[in-house]
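Take a look at this single chain, the form predicted alone, given in structure tokens.
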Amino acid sequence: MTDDGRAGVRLGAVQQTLMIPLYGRAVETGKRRPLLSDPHAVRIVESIDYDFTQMKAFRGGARGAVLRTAMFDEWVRRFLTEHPGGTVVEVGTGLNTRFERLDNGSVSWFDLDLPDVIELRRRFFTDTDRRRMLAGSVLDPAWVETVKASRGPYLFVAEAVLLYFEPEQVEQAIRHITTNFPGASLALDTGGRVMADSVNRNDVMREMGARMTWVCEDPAELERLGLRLLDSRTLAQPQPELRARMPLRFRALSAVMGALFRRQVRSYHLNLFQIPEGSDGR
């Protein structure tokens, strides 16, 4: 805690990337017609001792993170419509506030992340009977039995997480899920070489020391791990129900990205997978 009462931040390189979507959501909330409203993000940004100066120069990336989050939100919203009493697991939750935005009053929810992130997160959130924080890596199977004790169906959401894993770690994380949760859904993003090179050249990412190390050119490649691809979208292709309520500036942003940054946009996908019943992840 600093002298002015703000929470200090001690995070690893990759963990620091959580500040980008946090800042993006806080800025977006102040807009006259926000794509998503997140007063909790505003409160957190104002309450932590972190230099957001570089984020102000990275507004395009922060806006892209907001659009990405809104698209993941849409898949979670659909899941809760179909399975209001199901379980959602946020893998690499960071300081996301998806539960606060989408809680339907009956969902069970787990926020999973590394201990340093959960330590920071606990300064702003508390466990309840339906929402719990789990400190640990998705690569460590210790979390599995805790989640399995919750009622299904299950939806796992890994937003901007696996991109920073080594390829063998990605497989390990996915196999933990496919082996233990047949029938579950899994939403994750993938990036090709063009995307990885663009991210790794970015000044903000280089300053943090974070690098995108997992390259996946075709999301369908992951079907060999016991997944079935249901939907795959670029940031220029938001779900129809999301596009229908998008502010004009986000429709313009989506169109501009699709036209001017075609190679980068086509190299990055948001994907929704299903784990078939009886899958053993092999």
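Computed from a prediction, not measured in an experiment: that's the story for all the values here. Don't overthink the numbering: it's just position in the shown sequence, from 1.
One more form of this protein exists, namely the form predicted together with a small molecule; it is left out here, but the text below deals with it.
Of the stretches 106 to 114, 122 to 130, 193 to 201, 77 to 85, only 106 to 114 has residues with a heavy atom within 4.5 Å of the small molecule in the predicted bound form. Here is the short version: of Ser137, Gln172, Thr179, Ser150, the single residue with a heavy atom within 4.5 Å of the small molecule in the predicted bound form is Ser137. For the options Ala184, Val89, Val161, Met212, the residue carrying a heavy atom within 4.5 angstroms of the small molecule in the predicted bound form is Val161. Leu18 belongs to the set of residues with a heavy atom inside 4.5 Å of the small molecule in the predicted bound form. Put simply, Val14 is close to the small molecule in the predicted bound form: some heavy atom of it is within 4.5 Å. Of the heavy atoms in Phe156, none are within 4.5 Å of the small molecule in the predicted bound form. Remark: Arg243 does not count among the residues lining the small molecule in the predicted bound form, judged by a heavy atom distance of 4.5 Å or less.
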